[in-house]
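The form predicted alone is given below as one chain in structure tokens.
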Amino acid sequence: MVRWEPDAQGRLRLAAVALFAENGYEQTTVAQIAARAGVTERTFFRYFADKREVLFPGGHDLETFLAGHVAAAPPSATPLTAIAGALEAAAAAFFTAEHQVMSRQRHLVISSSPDLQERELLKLASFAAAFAAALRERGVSEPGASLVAESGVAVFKTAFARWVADDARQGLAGIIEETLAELKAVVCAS
């Protein structure tokens, strides 16, 4: 096995997603993932607690990034504008065109497993909690902070699903803008 190649964690993620797509999530083992990535199982567990976590790396980093951008928004920004700015910044930093194919494969794998869907919902709930806390720090009272935070997560979830299905390769930031405009149009029409 080639243990000295750089980016073992990245290779493990690529190997896992490819194997999940080929064989199914449940049928894929850690040993298979490690072998495909050219590392040992021990190396796998150095980076991930289990095979499920391969699909959910950096969640805390993204959560911190999003909350930080909400907190740093100009004082004049509305709560929804602050969240939109954070989502668009995350799209530019974490969800580039180079990540779209991998994100699409990851999305398909998660969609095929109720356990993974549950884990994805927990991740999104943590984003909503981070948004709400950042908005409360900005002086937004409840229930407004939670309502806007949940709306922001709904915009992200909807835009992300559209982005991974987008064959035209439109950027996620643009889809977030479109989705937010749709939300505003529906809310204002009500």
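For every residue, the number given is its place in the sequence shown, counted from 1. Because the structure is predicted, anything quoted here is derived from the model rather than measured.
The following text describes the form predicted together with another copy of the chain, which does not appear among the structures shown.
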Candidate stretches 144-152, 61-69, 35-43, 22-30 - the one whose heavy atoms come within 4.5 Å of another copy of the chain in the model of the complex
144-152
Within a 4.5 Å heavy atom cut-off, is residue 80 in contact with another copy of the chain in the model of the complex?
yes
Partner proximity in the model of the complex: residue 165 to another copy of the chain, non-hydrogen atom cutoff 4.5 Å:
no
So, residue 49 and another copy of the chain: in the model of the complex, are they within 4.5 Å at any heavy atom pair?
no
I'd like to check something about residue 118: if you look in the model of the complex, is any of its heavy atoms closer than or equal to 4.5 Å to a heavy atom of another copy of the chain?
yes
Is every one of 122, 179 and 188 within 4.5 Å of another copy of the chain in the model of the complex, counting heavy atoms?
yes
